[in-house]
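First, one chain by itself in structure tokens, the form predicted on its own.
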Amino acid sequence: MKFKAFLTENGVILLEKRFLPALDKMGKICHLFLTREHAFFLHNLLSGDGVQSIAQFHKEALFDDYRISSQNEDRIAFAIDISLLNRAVRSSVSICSELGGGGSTANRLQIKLVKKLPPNSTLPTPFLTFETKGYKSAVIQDVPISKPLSRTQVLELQTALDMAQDLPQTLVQVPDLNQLQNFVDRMKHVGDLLNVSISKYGDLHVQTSTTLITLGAEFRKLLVIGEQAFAPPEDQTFSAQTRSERAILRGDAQSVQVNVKHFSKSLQCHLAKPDCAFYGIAPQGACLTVIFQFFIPGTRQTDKSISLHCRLPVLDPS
């Protein structure tokens, strides 16, 4: 089982400045899943508990001279502490600069899997090692990782990943995540549960309530991807809640209940600096899905080399 590669300048920026801070908000520990073509950062895919997040990078988006081999179809997966990983990346970048890297190939940042014998131990321990080589010196930083997953566990992770790629039939685009975040921050003080409904008309309705107060927000006429429908004109005179209920009865909308903290946590993915976000409800209300879209810099074309989406578990209304 071997893995080594060089982090590119773009890869460093993507990880240090954008994705690792966002993923750290999802949870302290994630699985790093490496294949021949991709690197995945996966939260809660095996535990099935909490918000699932899936960050996918084509190898060229992060790495140069990417080499991987294992007896499991060249797939390697292990658990890693996101904050320790981010600290190692930041520190290594700083050392590169001090050594006069400035983009020089002599100071490139190499990342590889190694086994080392820790002090006072007789068992070799796996690490993800960052090595920065200068003209006369080299600086090595070791990030502890779990024992690599077994063949059975990797297959289980791959199956969970494949299942998590299923898209809702209707997605609505939320153009302003900050506005949505402000609403949710206020709702956190009201209750723990959030009712989310999404219609084929392009309406997103979020609401929390207690016996004393109901607080909701509605985003209307959003861009719709997938199954669409036209809202009946007579519905325009009704309240947001009534419109949502009528759309659900007609089969033109779905509604789920999620933990307001889970919803707020998913919004922390704005730290990865997506260009827009889409919300959708999986068939049979299996989960609430949030898909973050990234554009190629300077264009409105989707950057297919990177992707990020979250799946929020739904709660039983009863």
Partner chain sequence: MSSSAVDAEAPDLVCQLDNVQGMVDALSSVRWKRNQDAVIELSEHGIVFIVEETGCLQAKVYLQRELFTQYEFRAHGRPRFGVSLGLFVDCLNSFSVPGHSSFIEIRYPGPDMKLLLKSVDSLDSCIYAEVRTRIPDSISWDYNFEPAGSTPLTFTVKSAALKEAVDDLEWPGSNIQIKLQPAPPAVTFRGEGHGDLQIDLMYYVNTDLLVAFHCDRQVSYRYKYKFLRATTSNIPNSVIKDNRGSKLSIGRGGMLKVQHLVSVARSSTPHPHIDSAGYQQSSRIAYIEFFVKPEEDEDAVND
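Numbering follows the first chain given and starts at 1. Keep in mind it's a predicted model, so treat the numbers as computed, not measured.
What comes next is about the form predicted together with its partner chain, which does not appear here.
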query: Stretch in contact, per heavy atom within 4.5 angstroms of its partner chain in the model of the complex, of 231-239, 142-150, 72-80, 86-94; finding: 231-239
query: Contact label in the model of the complex: Leu123 to its partner chain, heavy atom within 4.5 Å; finding: no
query: is_contact(Phe219, its partner chain) in the model of the complex, heavy atom dist at most 4.5 Å; finding: yes
query: Its partner chain contact at Lys115 in the model of the complex, heavy atom, 4.5 Å; finding: no
query: Contact label in the model of the complex: Arg243 to its partner chain, heavy atom within 4.5 Å; finding: yes
query: Triplet Lys4, Ile13 and Phe63 all within 4.5 Å of its partner chain in the model of the complex via a heavy atom; finding: no
query: Contact assignment for its partner chain in the model of the complex, among Leu167, Val190, Val224, Leu157, heavy atom within 4.5 Å; finding: Val190
query: Residues from 169-188 in contact with its partner chain (non-hydrogen atom within 4.5 Å) in the model of the complex; finding: Gln179, Asn182, Phe183, Arg186, Met187
